[in-house]
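Below you'll find only one chain, the form predicted on its own, shown as structure tokens.
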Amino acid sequence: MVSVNHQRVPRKRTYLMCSPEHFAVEYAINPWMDVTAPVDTELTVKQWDRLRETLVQLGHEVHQLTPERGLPDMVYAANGAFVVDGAVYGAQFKHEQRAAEAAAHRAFYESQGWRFIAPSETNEGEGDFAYVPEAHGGLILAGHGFRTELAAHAEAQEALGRPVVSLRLVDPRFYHLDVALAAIDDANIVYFPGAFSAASQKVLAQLFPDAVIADDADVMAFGLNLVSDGLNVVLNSEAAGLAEKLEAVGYHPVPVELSELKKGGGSVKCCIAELRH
């Protein structure tokens, strides 16, 4: 029986988001995208606005990136960079349809005075990198197998000066780390073991013995594509089972409806980059 006597403490976060006014499913670069399924743009914007308002109401600061016509996936702001300790490791997208997003992110960070490190290896920002600041002195978890190249993990470690643990993703449905794993506070994670190779599962079990383990229903509902401030866990409303698991160990689930953005293969976390000063 898991104890629920944990004192969960929220910490104010700074986030970056990008409005989905140009969002559409015009191509298929992951198994969730269906170009024949219509997207309701008005509903997409309404759902996204509610997500942004939820973060603000929880006390967080939200910056906005200006969306660009012709870049329908720009709403997935997490993919544009990975920020740790005020340093920004830029993205280099695998698919040409998204390549131009990287420059828009770089321009934002440079305009804000962040220290930007341009990548030479293919990586998709926080899509494949997660930071757990109080785990083992500050640990970066990094996914590879579908989008981000393994060589980018070493490049990120040099750029950011934090140890990087490489995790191999093996199921194309979970093409980014952030649909299979998330930090739920500064020291712990939630993840779906089946998304990872057997060796990577062993590594995660060793590093995070108290992790919350998700099941098939949780991951298929995009429940792991979440954002947490250490207490409040903002997650897809379809992931009711995962919300119960998190509540049982002392977190406060905050469900949001993101049905339209799921059509592009993303949910809460995909829409949100964390700016870590």
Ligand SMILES: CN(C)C(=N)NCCC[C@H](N)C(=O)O
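Start at 1 and count along the sequence shown; that's the residue number. Owing to the predicted nature of the structure, the values given are computational and were not obtained by experimental measurement.
The following text describes the form predicted together with the named molecule, which does not appear among the structures shown.
Peer 1: Decide open versus blocked for this chain after superposing the C-alphas round the site and placing the named molecule the way it sits in the model of the complex; the blocked call needs 3+ ligand atoms within 2.4 Å of backbone or C-beta.
Peer 2: Open, per the superposed partner pose.
Peer 1: Contact between residue 200 and the named molecule in the model of the complex at 4.5 Å, heavy atoms?
Peer 2: Residue 200: no contact with the named molecule in the model of the complex.
Peer 1: So, residue 29 and the named molecule: in the model of the complex, are they within 4.5 Å at any heavy atom pair?
Peer 2: Yes - in the model of the complex, heavy atoms of residue 29 and the named molecule come within 4.5 Å of each other.
Peer 1: Would residue 98 sit within 4.5 Å of the named molecule in the model of the complex, counting heavy atoms only?
Peer 2: The answer is yes: residue 98 has a heavy atom within 4.5 Å of the named molecule.
Peer 1: At the 4.5 Å heavy atom threshold, is residue 145 in contact with the named molecule in the model of the complex?
Peer 2: Heavy-atom contact with the named molecule at 4.5 Å: absent for residue 145.
Peer 1: Out of 196, 175, 108, 89, which one falls within 4.5 Å of the named molecule in the model of the complex, going by heavy atoms?
Peer 2: Contact residue from the list: 175.
Peer 1: Just one stretch in 188 to 196, 155 to 163, 109 to 117, 75 to 83 has heavy atoms within 4.5 Å of the named molecule in the model of the complex, so which one is it?
Peer 2: Flagged stretch: 75 to 83.
Peer 1: Are all three residues 225, 266 and 270 in contact with the named molecule in the model of the complex, where contact means a non-hydrogen atom within 4.5 Å?
Peer 2: Answer is yes for this spot.
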